[in-house]
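Quick setup: one chain, the form predicted on its own, written in C-alpha coordinates, and binding and motion questions come after.
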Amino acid sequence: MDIECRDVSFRYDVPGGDWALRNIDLKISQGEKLAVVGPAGSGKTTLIQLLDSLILPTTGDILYDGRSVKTLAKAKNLHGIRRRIGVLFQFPEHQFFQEMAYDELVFTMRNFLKPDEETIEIRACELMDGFNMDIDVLKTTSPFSLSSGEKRKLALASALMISPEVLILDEPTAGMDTSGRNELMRIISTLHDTTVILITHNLDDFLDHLDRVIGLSEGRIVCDVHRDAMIEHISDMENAGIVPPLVLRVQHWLRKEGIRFEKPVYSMDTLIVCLKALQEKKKEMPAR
(Lines give C-alpha, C1' and ligand atoms only; values in the text may rest on other atoms or scores of the structure.)
Protein backbone atom coordinates (compact mmCIF):
# COMPACT_ATOMS: atom_id res chain seq x y z
CA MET A 1 0.00 0.00 0.00
CA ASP A 2 1.34 3.41 -1.00
CA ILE A 3 0.61 6.25 1.44
CA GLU A 4 0.74 9.96 0.66
CA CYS A 5 0.22 12.91 3.00
CA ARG A 6 -0.77 16.05 1.13
CA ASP A 7 -0.29 19.27 3.09
CA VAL A 8 -1.57 17.57 6.25
CA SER A 9 -2.02 19.61 9.42
CA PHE A 10 -3.61 18.49 12.67
CA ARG A 11 -4.75 20.31 15.80
CA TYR A 12 -6.34 18.61 18.80
CA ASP A 13 -9.77 19.89 19.72
CA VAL A 14 -8.82 21.55 22.99
CA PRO A 15 -9.13 25.23 23.96
CA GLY A 16 -6.07 27.14 22.82
CA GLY A 17 -4.51 24.04 21.34
CA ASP A 18 -1.57 24.63 18.99
CA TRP A 19 -0.96 22.71 15.77
CA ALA A 20 0.50 19.26 16.51
CA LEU A 21 1.50 18.85 12.85
CA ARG A 22 1.76 21.46 10.14
CA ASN A 23 1.96 21.20 6.35
CA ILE A 24 3.17 17.61 6.17
CA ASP A 25 3.96 16.39 2.64
CA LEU A 26 5.15 12.81 2.67
CA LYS A 27 5.12 9.85 0.28
CA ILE A 28 5.72 6.30 1.52
CA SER A 29 6.02 3.51 -1.05
CA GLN A 30 5.17 -0.12 -0.43
CA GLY A 31 8.13 -1.98 1.04
CA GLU A 32 10.04 1.08 2.26
CA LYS A 33 11.76 0.98 5.62
CA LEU A 34 11.86 4.38 7.28
CA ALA A 35 12.34 5.94 10.69
CA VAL A 36 10.58 8.98 12.08
CA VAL A 37 12.69 10.81 14.66
CA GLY A 38 12.36 14.00 16.65
CA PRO A 39 12.38 15.41 20.18
CA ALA A 40 9.45 14.96 22.56
CA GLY A 41 6.44 16.94 21.39
CA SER A 42 7.58 17.07 17.76
CA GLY A 43 4.44 15.31 16.48
CA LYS A 44 5.67 11.73 16.01
CA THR A 45 2.75 10.04 17.82
CA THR A 46 0.22 12.27 16.07
CA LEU A 47 1.73 11.31 12.71
CA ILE A 48 1.41 7.56 13.28
CA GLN A 49 -2.18 7.99 14.48
CA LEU A 50 -2.91 9.82 11.24
CA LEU A 51 -1.16 7.20 9.12
CA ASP A 52 -3.23 4.47 10.80
CA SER A 53 -6.41 6.57 10.25
CA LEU A 54 -7.13 6.62 13.99
CA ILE A 55 -7.55 10.39 13.62
CA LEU A 56 -8.30 12.46 10.52
CA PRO A 57 -6.37 15.51 9.28
CA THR A 58 -7.69 18.88 10.36
CA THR A 59 -6.62 20.17 6.96
CA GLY A 60 -5.07 18.42 3.99
CA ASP A 61 -5.56 14.79 3.04
CA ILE A 62 -4.00 11.33 3.28
CA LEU A 63 -4.23 8.95 0.33
CA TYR A 64 -4.01 5.16 0.57
CA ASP A 65 -3.31 3.76 -2.89
CA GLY A 66 -4.80 6.99 -4.18
CA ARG A 67 -7.98 6.83 -2.05
CA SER A 68 -8.71 9.79 0.24
CA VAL A 69 -8.96 9.05 3.96
CA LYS A 70 -11.79 11.59 4.20
CA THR A 71 -13.74 9.84 1.44
CA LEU A 72 -13.14 6.49 3.13
CA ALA A 73 -14.29 7.93 6.47
CA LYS A 74 -17.53 9.24 4.94
CA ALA A 75 -18.15 5.81 3.43
CA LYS A 76 -17.39 4.24 6.84
CA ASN A 77 -14.68 2.12 5.23
CA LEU A 78 -11.67 2.96 7.37
CA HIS A 79 -11.64 -0.58 8.77
CA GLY A 80 -10.46 -1.73 5.33
CA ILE A 81 -7.33 0.42 5.77
CA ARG A 82 -6.71 -0.54 9.39
CA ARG A 83 -6.83 -4.24 8.53
CA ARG A 84 -3.83 -3.70 6.27
CA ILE A 85 -1.79 -1.84 8.90
CA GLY A 86 -0.23 -3.32 12.03
CA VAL A 87 0.65 -0.97 14.87
CA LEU A 88 2.77 -1.43 17.99
CA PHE A 89 2.34 1.58 20.26
CA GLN A 90 4.90 2.71 22.81
CA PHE A 91 2.89 1.35 25.76
CA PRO A 92 1.53 -2.00 24.55
CA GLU A 93 -0.41 -2.65 27.75
CA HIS A 94 -2.75 0.14 26.64
CA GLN A 95 -3.67 -2.05 23.66
CA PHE A 96 -4.55 -5.15 25.70
CA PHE A 97 -8.14 -6.02 26.55
CA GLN A 98 -8.24 -9.85 26.54
CA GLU A 99 -8.02 -11.89 29.76
CA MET A 100 -5.41 -14.31 28.45
CA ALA A 101 -2.22 -13.42 26.59
CA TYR A 102 -2.89 -16.05 23.90
CA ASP A 103 -6.30 -14.56 23.12
CA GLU A 104 -4.65 -11.15 22.86
CA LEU A 105 -2.08 -12.56 20.46
CA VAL A 106 -4.61 -14.13 18.08
CA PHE A 107 -7.45 -11.59 18.41
CA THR A 108 -6.82 -9.71 15.17
CA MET A 109 -6.31 -12.84 13.07
CA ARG A 110 -9.26 -14.59 14.67
CA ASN A 111 -11.67 -11.70 14.12
CA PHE A 112 -10.48 -10.19 10.83
CA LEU A 113 -9.40 -13.23 8.82
CA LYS A 114 -11.46 -15.91 10.62
CA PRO A 115 -9.34 -18.99 9.81
CA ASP A 116 -9.77 -22.25 11.74
CA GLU A 117 -8.19 -22.49 15.20
CA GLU A 118 -5.52 -24.94 14.05
CA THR A 119 -4.25 -22.48 11.44
CA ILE A 120 -4.27 -19.71 14.07
CA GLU A 121 -2.24 -21.78 16.53
CA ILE A 122 0.32 -22.79 13.90
CA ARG A 123 0.89 -19.13 13.04
CA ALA A 124 1.05 -18.18 16.74
CA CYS A 125 3.62 -20.88 17.51
CA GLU A 126 5.72 -19.83 14.53
CA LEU A 127 5.91 -16.24 15.77
CA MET A 128 6.32 -16.85 19.49
CA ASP A 129 9.02 -19.50 19.07
CA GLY A 130 11.17 -16.73 17.60
CA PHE A 131 10.56 -14.64 20.73
CA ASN A 132 11.24 -17.60 23.05
CA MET A 133 7.74 -17.44 24.53
CA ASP A 134 5.71 -20.60 25.22
CA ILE A 135 2.22 -20.72 23.69
CA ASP A 136 0.91 -22.97 26.47
CA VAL A 137 2.05 -20.46 29.08
CA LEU A 138 0.35 -17.64 27.19
CA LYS A 139 -2.94 -19.58 27.28
CA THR A 140 -2.97 -19.46 31.08
CA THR A 141 -1.34 -16.05 31.69
CA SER A 142 -2.84 -12.58 31.74
CA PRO A 143 -1.09 -10.18 29.34
CA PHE A 144 -0.93 -7.66 32.19
CA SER A 145 1.21 -10.00 34.31
CA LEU A 146 3.96 -10.23 31.69
CA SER A 147 7.21 -8.28 32.00
CA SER A 148 7.52 -5.05 30.01
CA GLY A 149 9.70 -6.78 27.42
CA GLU A 150 7.26 -9.69 27.11
CA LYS A 151 4.33 -7.28 26.69
CA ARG A 152 6.18 -5.61 23.83
CA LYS A 153 6.92 -8.96 22.19
CA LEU A 154 3.28 -10.00 22.54
CA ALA A 155 2.00 -6.75 21.03
CA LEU A 156 4.45 -6.99 18.13
CA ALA A 157 3.56 -10.62 17.45
CA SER A 158 -0.14 -9.72 17.54
CA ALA A 159 0.45 -7.06 14.88
CA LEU A 160 2.40 -9.55 12.75
CA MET A 161 -0.21 -12.32 12.99
CA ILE A 162 -2.09 -11.07 9.91
CA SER A 163 1.05 -10.26 7.86
CA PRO A 164 0.23 -6.54 7.47
CA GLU A 165 1.23 -4.56 4.40
CA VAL A 166 2.37 -1.71 6.67
CA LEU A 167 3.91 -2.16 10.12
CA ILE A 168 4.19 0.89 12.40
CA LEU A 169 6.44 0.47 15.45
CA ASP A 170 6.54 3.13 18.17
CA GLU A 171 9.77 2.81 20.21
CA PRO A 172 9.80 -0.97 19.59
CA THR A 173 13.00 -1.77 21.52
CA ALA A 174 11.91 -0.06 24.76
CA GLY A 175 12.00 -2.61 27.58
CA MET A 176 13.60 -5.32 25.42
CA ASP A 177 16.74 -7.14 26.39
CA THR A 178 19.54 -7.86 23.89
CA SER A 179 17.91 -11.11 22.80
CA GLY A 180 14.59 -9.39 22.14
CA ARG A 181 16.25 -6.56 20.19
CA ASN A 182 18.19 -9.02 18.07
CA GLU A 183 15.01 -10.95 17.33
CA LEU A 184 13.23 -7.74 16.34
CA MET A 185 16.05 -6.87 13.93
CA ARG A 186 15.85 -10.37 12.46
CA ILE A 187 12.12 -10.01 11.93
CA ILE A 188 12.48 -6.61 10.25
CA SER A 189 15.16 -8.03 7.95
CA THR A 190 12.69 -10.67 6.71
CA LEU A 191 9.87 -8.21 5.92
CA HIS A 192 11.03 -7.53 2.38
CA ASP A 193 7.66 -6.49 0.93
CA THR A 194 6.26 -4.91 4.11
CA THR A 195 6.44 -1.18 4.70
CA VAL A 196 8.02 -0.60 8.12
CA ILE A 197 7.68 2.79 9.84
CA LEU A 198 9.76 3.12 13.00
CA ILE A 199 9.25 5.82 15.61
CA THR A 200 12.44 5.81 17.64
CA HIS A 201 14.91 7.83 19.69
CA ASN A 202 17.56 5.19 19.02
CA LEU A 203 18.45 5.15 15.34
CA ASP A 204 21.66 3.22 16.05
CA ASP A 205 19.73 -0.05 16.42
CA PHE A 206 18.01 0.27 13.04
CA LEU A 207 20.49 1.89 10.64
CA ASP A 208 21.27 -1.37 8.83
CA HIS A 209 17.58 -1.82 7.98
CA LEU A 210 16.51 1.69 6.91
CA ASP A 211 15.98 3.35 3.55
CA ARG A 212 15.01 6.83 4.80
CA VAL A 213 14.91 9.00 7.89
CA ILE A 214 12.19 11.59 8.48
CA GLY A 215 13.04 14.26 11.06
CA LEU A 216 10.26 16.17 12.84
CA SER A 217 10.56 19.29 14.95
CA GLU A 218 7.72 21.44 16.29
CA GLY A 219 5.23 19.63 14.07
CA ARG A 220 7.11 20.13 10.81
CA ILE A 221 9.33 17.93 8.67
CA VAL A 222 12.87 19.30 8.97
CA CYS A 223 14.59 16.55 7.01
CA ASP A 224 13.61 13.69 4.73
CA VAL A 225 16.80 11.98 3.63
CA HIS A 226 18.05 8.66 2.36
CA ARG A 227 20.15 6.83 4.90
CA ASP A 228 23.33 7.31 2.84
CA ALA A 229 22.86 11.10 2.89
CA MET A 230 22.35 11.43 6.64
CA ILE A 231 25.95 12.48 7.32
CA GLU A 232 25.39 15.62 5.24
CA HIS A 233 22.43 16.52 7.49
CA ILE A 234 24.01 15.93 10.91
CA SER A 235 24.10 19.64 11.79
CA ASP A 236 20.50 20.17 10.63
CA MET A 237 19.31 17.29 12.80
CA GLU A 238 21.21 18.51 15.86
CA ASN A 239 19.90 22.06 15.40
CA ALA A 240 16.36 20.62 15.41
CA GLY A 241 16.96 18.75 18.69
CA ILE A 242 17.40 15.37 17.00
CA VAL A 243 20.27 13.15 18.18
CA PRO A 244 21.94 11.52 15.14
CA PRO A 245 23.41 8.02 15.51
CA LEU A 246 26.81 8.00 17.19
CA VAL A 247 28.43 6.06 14.33
CA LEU A 248 27.42 8.81 11.87
CA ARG A 249 28.44 11.62 14.23
CA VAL A 250 31.91 10.09 14.47
CA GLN A 251 32.18 9.88 10.67
CA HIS A 252 30.98 13.49 10.38
CA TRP A 253 33.77 14.55 12.73
CA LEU A 254 36.31 12.43 10.82
CA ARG A 255 35.35 14.16 7.58
CA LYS A 256 36.16 17.50 9.19
CA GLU A 257 39.60 16.05 9.93
CA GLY A 258 40.02 14.96 6.32
CA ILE A 259 39.27 11.27 6.89
CA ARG A 260 36.58 10.01 4.54
CA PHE A 261 35.43 6.49 3.68
CA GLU A 262 34.26 5.43 0.23
CA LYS A 263 30.72 5.12 1.63
CA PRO A 264 29.13 5.56 5.08
CA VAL A 265 29.23 2.66 7.54
CA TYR A 266 26.41 1.93 9.96
CA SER A 267 27.88 0.03 12.88
CA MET A 268 30.64 0.87 15.32
CA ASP A 269 32.26 -2.53 14.75
CA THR A 270 32.52 -1.83 11.00
CA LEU A 271 33.78 1.68 11.69
CA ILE A 272 36.58 0.32 13.89
CA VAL A 273 37.56 -2.15 11.15
CA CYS A 274 37.67 0.66 8.58
CA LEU A 275 39.79 2.87 10.85
CA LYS A 276 42.23 0.01 11.45
CA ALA A 277 42.46 -0.58 7.71
CA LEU A 278 43.26 3.10 7.15
CA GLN A 279 45.90 2.96 9.86
CA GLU A 280 47.54 -0.10 8.26
CA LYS A 281 47.45 1.55 4.84
CA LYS A 282 49.12 4.64 6.28
CA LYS A 283 51.89 2.49 7.78
CA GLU A 284 52.55 0.90 4.38
CA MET A 285 52.89 4.26 2.63
CA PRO A 286 56.54 5.21 1.96
CA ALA A 287 57.85 8.03 4.11
CA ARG A 288 58.34 11.34 2.31
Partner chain sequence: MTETARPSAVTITGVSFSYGQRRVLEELDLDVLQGSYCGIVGSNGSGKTTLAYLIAGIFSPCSGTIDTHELRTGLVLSNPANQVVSLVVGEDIAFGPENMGLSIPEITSRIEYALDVIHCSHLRDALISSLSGGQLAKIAFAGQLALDVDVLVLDEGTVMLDPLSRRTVLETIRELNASLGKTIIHISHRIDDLETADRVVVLEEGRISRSSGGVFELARQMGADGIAGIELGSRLLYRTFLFNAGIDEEDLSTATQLLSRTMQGAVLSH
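The shown structure was predicted, so the numbers you read here are calculated from the model rather than taken from an experiment. Definition used throughout: the rigid core is the maximal C-alpha set that superposes within 1.5 Å between two forms. Residue numbers count along the first chain shown, from 1.
One more form of this protein, predicted together with the partner chain, exists but is not displayed; see below.
**Message:** When the contact criterion is heavy atoms within 4.5 Å, does residue 56 count as touching the partner chain in the predicted bound form?
**Reply:** Residue-level check for residue 56: no, no contact with the partner chain.
**Message:** Is residue 261 part of the interface with the partner chain in the predicted bound form - any heavy atom within 4.5 Å?
**Reply:** Looking in the predicted bound form, residue contacts with the partner chain include residue 261, since a heavy atom lies within 4.5 Å.
**Message:** Can you tell me if residue 174 lies within 4.5 angstroms of the partner chain in the predicted bound form, counting non-hydrogen atoms only?
**Reply:** Flag for residue 174 set to yes.
**Asked** Would residue 246 sit within 4.5 Å of the partner chain in the predicted bound form, counting heavy atoms only?
**Response** Contact with the partner chain, yes.
**Position in contact with the partner chain when the complex is considered in the predicted bound form, options 181, 139, 110, 83, heavy atoms within 4.5 Å** = Among 181, 139, 110, 83, a heavy atom within 4.5 Å of the partner chain in the predicted bound form occurs only for 181.
**Message:** Please tell me which of 103, 93, 208, 121 lies within 4.5 Å of the partner chain in the predicted bound form, judged by heavy atoms.
**Reply:** When the partner chain is considered in the predicted bound form, the option within 4.5 Å is 93.
**Asked** So which of 38-46, 22-30, 56-64, 222-230 is the stretch with heavy atoms within 4.5 Å of the partner chain in the predicted bound form?
**Response** Within 4.5 Å of the partner lies stretch 38-46.
**Message:** Where, within 240-256, is there a heavy atom within 4.5 Å of the partner chain in the predicted bound form? Residue list please.
**Reply:** Heavy-atom contacts to the partner chain in the predicted bound form: 241, 243, 246, 250, 253, 254.
**Prompt:** Does the C-alpha of residue 265 move 2 Å or more between this form and the one not shown once the rigid core is lined up?
**Reply:** The answer is no, as the C-alpha of residue 265 shifts between this form and the one not shown by less than 2 Å after core alignment.
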